[in-house]
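One chain follows as structure tokens, the form predicted on its own.
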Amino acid sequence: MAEQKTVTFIITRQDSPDSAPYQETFHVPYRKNMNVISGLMEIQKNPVTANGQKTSPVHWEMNCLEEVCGACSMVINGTARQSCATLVDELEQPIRLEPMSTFPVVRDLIVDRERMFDALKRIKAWIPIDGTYDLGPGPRMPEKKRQWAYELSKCMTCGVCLEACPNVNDKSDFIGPAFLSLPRLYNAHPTGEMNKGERLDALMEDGGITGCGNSQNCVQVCPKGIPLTTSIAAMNRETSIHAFRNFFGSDHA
């Protein structure tokens, strides 16, 4: 009988936020077209290291399993990406899995993304409604504009652009590329435009758009191909105009 082909994973683990990280190696049975999460599931079923020692199951996050939620983002062979969409056959072995370094580690490959959710609140990343009752259909967007907005709406707050950005770190309060792009989406909405000034004010605060160093790493790694650098340039222009109008006491075009 032919020997079972295996995949080797070297996983950086951490038992708690305050404990030291360490590495464990696992051999997982190979299957054609398996993704990284398939390998993690095999380890979860049989948490035994490559040298035969029983260990605790590896902890990681996942939800949609189709590159929509962004929950399963981690560093795979040195690159931050979604483990659900990363196929083992496309990776060099051994496959090294690490938590994203931009965020505090909770356990193993799970990180605390609170800074992202705080940023969403800061830029008012939603369309406000007046009350909780049915208001009927809202204003329509022209089809061309809707298609343009759809490209910006693909952001799944996965954190990959923050991981790639050299200006996002524990010594900086920069909110990150995704949250410079999202105000452009909501400000373009017929209803969301009502809060345009508040979003621009938020971008002009400390940690906002002036924190961008224009490294352009973000647009290279975005799994959804969002034109982040184009959005950042557009918001640079918008905040400059907004500051000019504020200085001269005019809120109108």
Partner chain sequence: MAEHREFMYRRLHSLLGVVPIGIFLIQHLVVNHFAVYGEESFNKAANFMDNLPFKLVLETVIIYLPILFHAILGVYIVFTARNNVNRYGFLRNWLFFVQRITGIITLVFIAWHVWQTRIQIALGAELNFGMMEDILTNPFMFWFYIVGVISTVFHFSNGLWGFLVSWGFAQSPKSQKIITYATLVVFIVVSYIGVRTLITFAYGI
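Residue numbers count along the first chain shown, from 1. These numbers come from a predicted model, not from an experiment.
There is another form of the same protein, the form predicted in complex with the partner chain; it is not shown, and what comes next is about it.
Could you tell me which of 37-45, 202-210, 185-193, 65-73 sits within 4.5 Å of the partner chain in the model of the complex, going by non-hydrogen atoms?
Selected stretch: 202-210.
Is A233 one of the residues lying within 4.5 Å of the partner chain in the model of the complex, judged by heavy atom distances?
A233 belongs to the contact set for the partner chain.
So, in the model of the complex, is D108 in contact with the partner chain at a 4.5 angstroms heavy atom limit?
The answer is no: D108 has no heavy atom within 4.5 Å of the partner chain.
Partner contact for C155 in the model of the complex: the partner chain, 4.5 angstroms, heavy atom:
Contact check for C155: no, nothing within 4.5 Å of the partner chain in the model of the complex.
Indicate whether C165 is a 4.5 Å heavy atom neighbour of the partner chain in the model of the complex.
Contact with the partner chain, yes.
Complete contact of S172, Q216 and Q220 with the partner chain in the model of the complex (any heavy atom, 4.5 Å):
All three within 4.5 Å in the model of the complex.
Give me the residue from G78, G136, P139, P142 that has a heavy atom within 4.5 Å of the partner chain in the model of the complex.
In short, G78.
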